[in-house]
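What follows is a single chain, given as structure tokens, in the form predicted alone.
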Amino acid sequence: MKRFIYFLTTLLFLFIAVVPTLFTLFSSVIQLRGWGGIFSMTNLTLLGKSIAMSSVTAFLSTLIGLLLALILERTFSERKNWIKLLLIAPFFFSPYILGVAWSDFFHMLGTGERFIYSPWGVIFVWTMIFAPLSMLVISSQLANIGPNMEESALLCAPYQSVIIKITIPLLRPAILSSFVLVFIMTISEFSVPAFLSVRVFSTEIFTQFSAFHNFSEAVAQGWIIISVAITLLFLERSYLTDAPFISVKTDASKGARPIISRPISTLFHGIAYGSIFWMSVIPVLVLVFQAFKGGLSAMNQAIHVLAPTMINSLFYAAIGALFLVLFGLVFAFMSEEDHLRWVNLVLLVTFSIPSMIFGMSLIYFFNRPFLTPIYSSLVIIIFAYIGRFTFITGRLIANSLKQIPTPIKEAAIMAGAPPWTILFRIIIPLIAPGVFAAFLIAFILNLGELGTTIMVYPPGTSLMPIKVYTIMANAPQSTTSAMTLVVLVVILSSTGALFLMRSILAKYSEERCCG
């Protein structure tokens, strides 16, 4: 039965994500369509510009992430989870939301418009978005490094030397992986440069497809980004395929204690709280100010425009999150329980495919008469979610499985418990926090997903990110800010509702168990 579930899940994922992408990419190569001007000076210049911008963003994000990870893991003994949650909040905001917020911020300064509507402005916004991801990658690795070695070194060396000669060398794989992940995610991100009117390679692909309907050239251009991404992935695949960068908790972190003096700790705490204020609080305050500075008219208009899309968006995000958890659960068991390491590599490679190319692949593959029930319904949107985010849910649940002590399962086996009893009575309850976190993160990512859904959404279907993105180009600034604020409120409200539901269910389960 287990083998059948593994086979069926793998077959479905191949049909949903892998086969459409390979079919589209290799069709482009075989038919030699769109390759005539692919190496033109314009394309090469844009590619070089995009690589440079993504490299600078990856460097800055990793540097900031390293600092925040050190502060989080080596100075906070209490409230660490809350601080971490607040620090990573910008990563779960859709890029276009932060693009609008920071453009409003520099517009309010009066002299900052030239900066924000430039490549450096895009790099700044990207860094604010992806520095939390770098912090997650590095802090998860740092949490698994016990402080004993550092504490011993502090007896004979200053803290700076310990960090440079001991801690950072131990973190080198995580630092490199952070750089690669941020580079891959930014080189294919198009909403921020498109909103800030900065032409890069990803916006060129989107323009070729959406404005000129030049599908072949867009796919050919996508080959270049994919080649760069895959090359970097294989350089770091040994760490990335098993990276614990989205784990809920780690056993090693429980015993970690602050290892620096109180004055430095106070300074670092100030940096952490200042980062929260700068990266999370200021964008929200700016959106609120811009949305309400002229009264309630902009907010009323935004609610009127987005109200018809809210139910669809929440429903699709929830259904997509449910399927993402199911796929992630199966793939997590395949990689951790049966040690099928190729699963993580396949999911990682799929995750690295640019969202626009994946969207075009779904169109090219499923836009056929016998596949119309998929192409013209919400199924195509669910497929988009599954292809984009299964890697994330799979890794999160896999990291939860890693934290189950082996003696617990061995004791159950020795007691004669059948496999299904062990699964549902022991393993599933123990990884429940990880499963909930996977559902929550998938739900938030689905709500904000734009790159693929804007390509594939069926006629008559309206989703919040698509509605905002299609209107913001010609809408007044206050209306744009109000719409993004509404989307943000919906995301935060639904997230709070999920936490409340989880709390109620946990309380009910505890009362039932005790009763």
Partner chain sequence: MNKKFILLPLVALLVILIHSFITSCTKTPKEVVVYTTIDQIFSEPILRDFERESGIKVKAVYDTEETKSTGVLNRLIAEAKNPQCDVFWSGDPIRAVVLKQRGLTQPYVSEEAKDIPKWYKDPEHHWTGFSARARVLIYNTSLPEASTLPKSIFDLSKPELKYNVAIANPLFGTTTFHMAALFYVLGEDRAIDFLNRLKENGILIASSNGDVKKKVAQGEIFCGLTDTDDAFTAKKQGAPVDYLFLDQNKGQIGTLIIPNVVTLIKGAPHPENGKRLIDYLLSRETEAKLAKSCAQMPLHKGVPTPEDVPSLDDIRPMKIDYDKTARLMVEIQGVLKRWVESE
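Positions refer to the first chain, counted from 1. In this text, rigid core is short for the largest set of C-alphas that superpose within 1.5 Å between two forms. These numbers come from a predicted model, not from an experiment.
Omitted here: the form predicted together with the partner chain. The next part is about that form.
In the predicted complex, residue 368 approaches the partner chain with a heavy atom inside 4.5 Å. Taking non-hydrogen atoms only, residue 475 approaches the partner chain to within 4.5 angstroms in the predicted complex. Interface residue remark: residue 360 is counted as part of the site for the partner chain in the predicted complex, having a heavy atom within 4.5 Å. For residue 266, no non-hydrogen atom is located within 4.5 Å of the partner chain in the predicted complex, even though that partner is not displayed.
Heavy atoms within 4.5 Å of the partner chain in the predicted complex map, among the stretches 135-143, 193-201, 160-168, 394-402, onto 193-201 alone. Contact here is defined as any heavy atom lying within 4.5 Å of the partner chain in the predicted complex, and by that definition each of 211, 364 and 467 is a contact residue. Checking 124, 273, 292, 117 against the partner chain in the predicted complex, a heavy atom within 4.5 Å turns up for just one residue: 117.
Screening 319, 349, 224, 288 for any heavy atom within 4.5 Å of the partner chain in the predicted complex leaves a single hit, 319. Interface residues of 274-291, taken as those with a heavy atom within 4.5 Å of the partner chain in the predicted complex (partner not displayed), are absent.
Shown in the overlay between this form and the one not shown, fitted on the rigid core, is a CA shift at residue 324 smaller than 2 Å.
With the core superposed, residue 98 shows a C-alpha displacement of at least 2 Å between this form and the one not shown. For residue 433, the Cα coordinates differ by under 2 angstroms between this form and the one not shown after the core has been superposed.
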